Structures are given as C-alpha cells and as structure tokens.
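Okay, here we've got a single chain as structure tokens, the form predicted on its own, with questions on binding and movement later.
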C-alpha cells in the first residue's frame, strides 16, 4: 500500500502530504528553546505540551513552529484554520470518487466510491509528525470541541463519518498559533486550559529584522534593507503593528516602481510605504519623529486618567 494510504480498522485513509517550505528562522532563540521544551518528553508517560503561540499577524509565529519542527527532524503539517472550518475538516473528510464501471453491461454504470481523506492534523497524528493549527482562534467552538480529547491525556480524535477513533502516535506534537486582532472568535475556556503554556512572539530587533528581509529578498539593494529595517524598528518603539511581512511587500513594490518609472529608490520606497501601510507611516522614515499619542495604550484599550487635585476624583 502507498505511503500515503493506510488502513485503520478496515477503513482506508488517504493521508495528506507534509509541508516542505522555504522558511528560515532568524533570532527568537529563547522562544525556540521554549517551544522545544514544550515538545520534550523526559520519560515514559510524560506527555508533550500543546502550546499556543500568540502575537500580531506577520511576526513569525508559524515560521517559528515550522523551524522547530524541522530542527527535530519531523514531518511538519500546517492546517489553516478559518471561521468556516468544520469538525470533519479537522479530522476526516469523505470524498466521492468516480467509482468502477460494470463492463458486462452494454451501458456501463458508475458506482460511486467514497474515499476518506485524512486532514493534515490527523496525518501528523498517524505518522508522528508536527501539526501547526494556524490562526486557531478563527475557528468556532464546535470545531474546537472535536479536538478536546486530543489535547489532554486521551490523545485521540473521533471521526463520525468514517466511524474511527484515531490515537496519536507517541511522537506526535502540536501547537496552535493565534493572532492579536479583532477578526477572531473567543476560544472556549476548556480548550484554553489545554493549550498551555502560551508563548508570546514579539517583533524582532533591528538586526534580526534586516536579516529576515535579506533572507526573503536576497536580490534587494543594501540601502533598501537598511532603510526598511530602521523604519520598522523606529515604528515598533511606538507600538505600530508593521511587520517584516509588510517590509517585504514594501521593498518588492518599491523595486518594481523604481524599475518601471525610473524614479530614485528613496522616492519609490516612499510611494510603496504609502500604498502598503498608509501615508501616515511615512513619518517613521524620520529617525527623530515621535507620535503625539501613545499607540500602545490605544491598541490595548487603556485609558489615561488625570487626577483632579481639588476634589481627588479621576476625570
């Protein structure tokens, strides 16, 4: 039988393929060690943890998990979660094929054939790989409920459509990435209690940012890499949510503008910043610029209170 087809309790499953991506991790050495520690098993019966990686979109949560999985020499499977993800999408999906024809009849009829496709998560469970549930807090509570027994000491999932209970391989490891933004669901408490510990992925420093840009844009001019890494580092001081992903888009667009319009790279960079993240962001090209309000307090919804010296009330 093919490496990508197996039989469990008389049911044939088609497995998913592992992800082979050109991802390189720069920096975050402490976070890599924290994730490795979560997945470490110190003795027989010591189950691995299922951590959640938190942070803004584009800071490198998925890259971090992928890099650690590859470092452990395991297959890595990424499942992209959405608000439309159903329990069967997470486990096993029935697929109707063409079936076989009856050659003895003049008008052959096709008999529909149902195949069972294992998700990337279940494939990682079966093969002992690493599963990354990407942007997990976009899923609904119904989908999370189907994974509850996987994330405790039971370590299995049940497929109603295939009539199977699938136990995880001892080498199976998993983590969940979650974004800090408003387009997400609230994850149920009984699931959050299973997704421990939390590892917060923040912005890289300026040198790491430049190296990330260089790895993704090996053909980019050194001046562009310098300006963009300095721009991002300056913006991060004041809590702006611009990420390395934004920087990559900006440089790629700037080089195209420079090539087609023949304008200087500096001007092309300014135009690209305006198009990608907005005109106000141009202020951060000036190393002396400071915003007139605290963006971090605004982002986290914190209020600033002033004390009235006369009547000792907060206003």
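What you see is a predicted model; the values in this text were computed from it and never measured. Numbering follows the first chain given and starts at 1.
What comes next is about the form predicted together with a small molecule, which does not appear here.
K.L.:
Looking at 168-176, 148-156, 240-248, 192-200, which stretch has residues with any non-hydrogen atom within 4.5 Å of the small molecule in the model of the complex?
P.N.:
Correct option: 240-248.
K.L.:
So, in the model of the complex, is residue 263 in contact with the small molecule at a 4.5 angstroms heavy atom limit?
P.N.:
Residue 263: no, not in contact with the small molecule in the model of the complex.
K.L.:
According to a 4.5 angstroms non-hydrogen atom cut-off, is residue 220 in contact with the small molecule in the model of the complex?
P.N.:
Looking in the model of the complex, residue contacts with the small molecule do not include residue 220, since no heavy atom lies within 4.5 Å.
K.L.:
If you check in the model of the complex, is residue 48 within 4.5 Å of the small molecule, heavy atoms only?
P.N.:
Taking the distances in the model of the complex, the answer for residue 48 is no, it never comes within 4.5 Å of the small molecule.
K.L.:
Find out whether any non-hydrogen atom of residue 257 is located within 4.5 angstroms of the small molecule in the model of the complex, and reply yes or no.
P.N.:
Outside the cut-off, so no.
K.L.:
Of the residues 276, 282, 26, 38, which one places a heavy atom within 4.5 Å of the small molecule in the model of the complex?
P.N.:
Contact with the small molecule in the model of the complex is made by 26 alone.
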